[in-house]
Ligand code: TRP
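The data below hold one chain only, encoded as structure tokens and taken in the form predicted alone.
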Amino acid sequence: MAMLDSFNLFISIAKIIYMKERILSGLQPSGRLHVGNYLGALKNFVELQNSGEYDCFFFIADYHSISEPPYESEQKRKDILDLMKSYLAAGLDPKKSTLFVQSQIPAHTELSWIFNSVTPMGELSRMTQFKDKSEDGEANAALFTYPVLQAADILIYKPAFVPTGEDQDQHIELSRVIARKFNSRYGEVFPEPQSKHTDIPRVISLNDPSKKMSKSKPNGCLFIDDGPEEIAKKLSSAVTDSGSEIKYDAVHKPGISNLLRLASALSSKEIAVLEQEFAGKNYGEFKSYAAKTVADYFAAYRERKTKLSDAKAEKIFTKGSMKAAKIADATLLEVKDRIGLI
């Protein structure tokens, strides 16, 4: 009787695990991650993983990272390894999430080719990213078809949700369009994934409050593996505004408002609380507080990252890629069967 009870308990647990909705997202290996990348994506990945509510798949989108002017090959390898270690140091756990590398799973690009056959050219030509990045006339075909590969990355795992910022909604919508067109032509195969938004603070450049923080302008960028001295140096020279009041006003005081958003996001203190704490104090005092807040928040991350070897990171992601490949290959076989390929 006890053995039967144990078996029933095992089945119940297995059903709960199986019924978890799958989420999938990824980042490109295009250089060191900054605070905006962390708050906009990586922090959310870790929270979703640790919620225990989802079957989590997070990948490194290395094929996407070659759709624009390339790095040297050695730099690309370093960037991929660096992002692997950033994922792990930030708290993504291979025991809780499937962590993998896009280029290690050929089924992604094979499905992308198949999806090209159901994707209207007009849909691709309307994509904001392509229009923005092709203004100089130097866009390549990969940049044009990038959204089709992105749809394949997503749909091949049949996730329910894609954690993303609102700026990626157009790409997720195209993934749904492609799923509908494929299903309409060949029969139901792909569910239509939904965007999963979170409250993401908009982090702007430290030296230009009119623009988002960007790796292309490192002087205005706080990288999450910057040391305390570098963080303090960058924040001390951050552009603020006229006057000296520590008050949130995104329109009239964008500089100090950016620092308030940043300090709030990494200290778990509401902006209103920070305003009260620094009433009567000057920008310099708040910059010092913000610098310490950022440095302290990422101290454990920096320590974990320095202890991770390239070999260990590669081993973890290779194992995760093998796991992901089984799912991707099964979906691809289903697709080939539906369209009549042998």
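Every value quoted in this text rests on a predicted model; they were computed, and no experiment measured them. Note that residue numbering begins at 1 and tracks the sequence as displayed.
Form predicted in complex with this ligand: not shown, discussed below.
Listed stretches are 143-151, 93-101, 176-184, 111-119; the contact stretch with this ligand in the model of the complex is 143-151, by a heavy atom cutoff of 4.5 Å. Contact check for residue 59: a non-hydrogen atom falls within 4.5 Å of this ligand in the model of the complex. Using a 4.5 angstroms threshold between heavy atoms, residue 263 stays clear of this ligand in the model of the complex. In the model of the complex, none of the heavy atoms of residue 321 sits within 4.5 Å of a heavy atom of this ligand.
For residue 24, a non-hydrogen atom is located within 4.5 Å of this ligand in the model of the complex, even though that partner is not displayed. Proximity to this ligand in the model of the complex, defined as a heavy atom within 4.5 Å, holds among 168, 75, 267, 207 only for 168. Proximity to this ligand in the model of the complex, defined as a heavy atom within 4.5 Å, holds among 127, 80, 235, 162 only for 162.
Residues in 297-335 all lack a heavy atom within 4.5 Å of this ligand in the model of the complex.
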